[in-house]
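Below, in structure tokens: the form predicted on its own, a single chain.
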């Protein structure tokens, strides 16, 4: 079903049972897979591929227990040129996916997220709200990127990394603050980054490390709790 107020560019290929709602804009040379749903107002650039069963522009929801209510009036989802979106992926309204980004199957990207040019978001990655991911970043399979987090350019995050932003785990009125990962840092498999910590420029976090305090520029930390190798 294609709404009559949708605008679709040239040479667009649509799969079976695609739903395109009102005020959607799709550029040229776009490929949309089977059973894709594109919600109202979504903007898609040129040369974009969206694979089967994905949902673009989903609105957030909540219940009475949630302490942080989502922004139900978030701006529209913007997908820039040459983006690839895998199967069964959900992108929320209010986020910006910049040129050349690759998003793997089963990823979920919440509202108010920006992903910079040429970055990779791997299979089954979760990216929560109010998070900024820079240019040429790699986030590998199964990683959890918490809300209120900043990842600068050219960062590498290995598979199954976990991050957090709530120091008191929902028990106090604490301002949420996710980790900050500075340019060129490397995070190993299964590492855990606690709320508010800073990984410095070019810093390295070893596989399985639990980072409880800031990591200085170009330092290598390992262990639980993580300590610099030269300590």
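Numbering follows the first chain given and starts at 1. Here the structure is a predicted model, which is why all the values come from computation and not from measurement.
Beyond the structure shown, there is the form predicted together with another copy of the chain, which is absent from this document and is the topic of what follows.
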On the criterion of a non-hydrogen atom at 4.5 angstroms or closer, are 40, 96 and 198 all touching another copy of the chain in the model of the complex? no
Counting any non-hydrogen atom inside 4.5 Å, which residue from 118, 81, 152, 78 sits next to another copy of the chain in the model of the complex? 118
With heavy atoms only and a cut-off of 4.5 Å, decide whether residue 216 touches another copy of the chain in the model of the complex. no
Does another copy of the chain come within 4.5 Å of any heavy atom of residue 46 in the model of the complex? no
Answer for residue 162 alone: is it within 4.5 Å of another copy of the chain in the model of the complex, judged on heavy atom distances? yes
Even though another copy of the chain is not shown here, does residue 14 get within 4.5 Å of it in the model of the complex, heavy atoms only? no
Within 174-194, the residues that have a heavy atom no more than 4.5 Å from another copy of the chain in the model of the complex: 184, 185, 186, 187, 188, 189, 190, 191, 192, 193, 194
